[in-house]
Each structure stands twice: as C-alpha cells, then as structure tokens.
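Only one chain is shown below, in structure tokens, and it's the form predicted alone.
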C-alpha cells in the first residue's frame, strides 16, 4: 500500500504541473486587459505602464509563468488586481463555503442515489425499477441553475419558507452552525444534489443488476442465505465501482457549482470565479482554478486508495 501511495503521488506531480500550465495560459489568452480592473480608463499611459511593471505583466509569458509557479510552490497565490488583498485570504473562505455546500449536496445525492439504485438493481424490471430510473433520468436532465430558480420562486417567494440568497441572515457570508444559517444551505444543497443523485442512481442500478446475475449470487441463494445477507454480499462487491463514481461527482460538485452559487449568491469559489471573470482578475482566476484542480487530483488519489482497501484484487493488479 505504501509503495502504491508513493507511485500515485509521483504520478500526480506532472499532472499538477500540466494543470498549472494550462490554467495559466488559458487565463492569459482570454480577451481583455487585466490592467483595466486597476486603473481608470482615462489614466495616463505612463501610469498604466508603471502598474503593468508593478504586477509583472510587462514580462514575456514564459517569465510570468515561471515567477507565478515559483510563488505558488511557496504558497503565495499573489494579490487580487481588483481588491489588492492576498488571493488566499479570499480563496480560503470561499473554499470552505464551497466544500461545505458540496459535502452536504454529495451526502444527500449519494444516499438517495444509492438507495434508489440499489432498489432498482435488486428489483429490476419492476415498478420500483421504472420509478427509480425515471427519477434518475429527470435528475440528470434538469439544468441545476433552472431548478435553483424554480426552488427560489416556490420556497422563497411564494411560500416564504427558506431564504434565497447568501450564507446567513441579510445575505451575510459569515457562517455559524445554527438554524438561521443552516436554512440558507437547504435550497442550494438540494439543487446541487440532483445531478449526482441521478448519476449515482443509474450507476448503482447497473452495477447491482450485473452482480445479481453472477453465479456466486445464485450459489449464495442456493445455500439458503437470507435475502439481506445476499444483498450485503452484493453491496460489498459493488462498493469499489460505486465509490469511484461518487469521488468523481464530489470533484465535479466542487468545481462545477459556479452557476448554482451565482443563483443563490452563495459565497463560495463559484461566486468568486464569476466575479473574477467579469473583473478580469487574473490572480484570483488562476489561484482558484489551480486549487480546485489540485483538489480534484487529491480526491482521485484518495478514491484510488479507498478502492484498493476495499477490493484486494486491485492490490494484486
């Protein structure tokens, strides 16, 4: 296991470098001048050039990338062009809010998806299977930003049950573990959980249905094992593949929540990215994308290790 861990970490190093390079270059070739976020449109040319030199934007792109990568390795993501604050100070708060939202949405989506998928795979062809499959297809097909707006109209505007914006009372971005703050989490978490719920349902349904047709399940039934005991054996065999899908979905929830966070004004990385795009704030864009990408790489590594622990056949391979 230790050698496997070291090998996977070594594999992750070139991936991290490639992600950092593409992250830097894609942001650089985007249209617009980041200096416009700092100086007014009528600023003198010498002032513009001085600001460009202060931020190192006058150097060639390879030099800019080398300096940026050197600072990133030291934990310095630079300063925001729009606010002048260190990128990490804003990013750390946003990552915590997004991680909390993604975790709640993942737990909700994974639990419902595993239950629906397990029932559908066990009783395939039945009315339960058709209902679960219909729910899964609907969950994958409905755009989550549209669903978010519908939930706001129903539960916030018409029924006035739940707040529509922010992470706390009055649109605050500060978080506390009480009902006044937790109710702000309900609508965005439900909205974000719909797509992974549908994907996990379909995946688990296919895995369970395939395992139920294997010979060892027939042998277990022939030995007279109870239905619950047989189902536990099926779950144990389905867990590694289902875990891989769940790990990927959690990564997508972390990086793909920009529209949901914008709809609900949730102060996470999605809202931070949206603001940085419109302000052409290169350090914030580069730092946020890089951290999210590294989180995805680390999550894949963690899922691989958990799969290895659950399935001995992966160790032998």
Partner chain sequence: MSSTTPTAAEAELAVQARQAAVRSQGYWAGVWKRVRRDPVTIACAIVLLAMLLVIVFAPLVAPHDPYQGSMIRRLRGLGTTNYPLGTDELGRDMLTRLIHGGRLSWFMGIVPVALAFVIGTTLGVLAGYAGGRVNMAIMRTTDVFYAFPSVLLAVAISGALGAGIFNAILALTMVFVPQIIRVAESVTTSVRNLDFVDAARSSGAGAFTIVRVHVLGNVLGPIFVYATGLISVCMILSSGLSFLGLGTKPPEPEWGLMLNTLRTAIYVQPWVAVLPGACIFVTSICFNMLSDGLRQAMDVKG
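Positions refer to the first chain, counted from 1. Quick caveat: nothing in here was measured; it's all calculated off a predicted structure.
Omitted from view is the form predicted together with the partner chain, to which the following refers.
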### Triple contact flag 11, 18 and 143 to the partner chain in the predicted complex, non-hydrogen atom at 4.5 angstroms
yes
### Query
Does residue 297 reach the partner chain in the predicted complex, with heavy atoms at most 4.5 Å apart?
yes
### Query
Could you tell me if residue 48 has a non-hydrogen atom within 4.5 Å of the partner chain in the predicted complex?
no
### Query
Does residue 104 reach the partner chain in the predicted complex, with heavy atoms at most 4.5 Å apart?
no
### Query
Going by a heavy atom distance of 4.5 Å, is residue 184 a contact of the partner chain in the predicted complex?
no
### Query
Which one of these stretches, 150-158, 111-119, 87-95, 228-236, sits within 4.5 Å of the partner chain in the predicted complex when only heavy atoms are counted?
150-158
### Message
Within 4.5 Å, heavy atoms only, which of 258, 69, 43, 57 is in contact with the partner chain in the predicted complex?
### Response
258
### Task
Residue by residue through 193-223, tell me which have a non-hydrogen atom within 4.5 angstroms of the partner chain in the predicted complex.
202
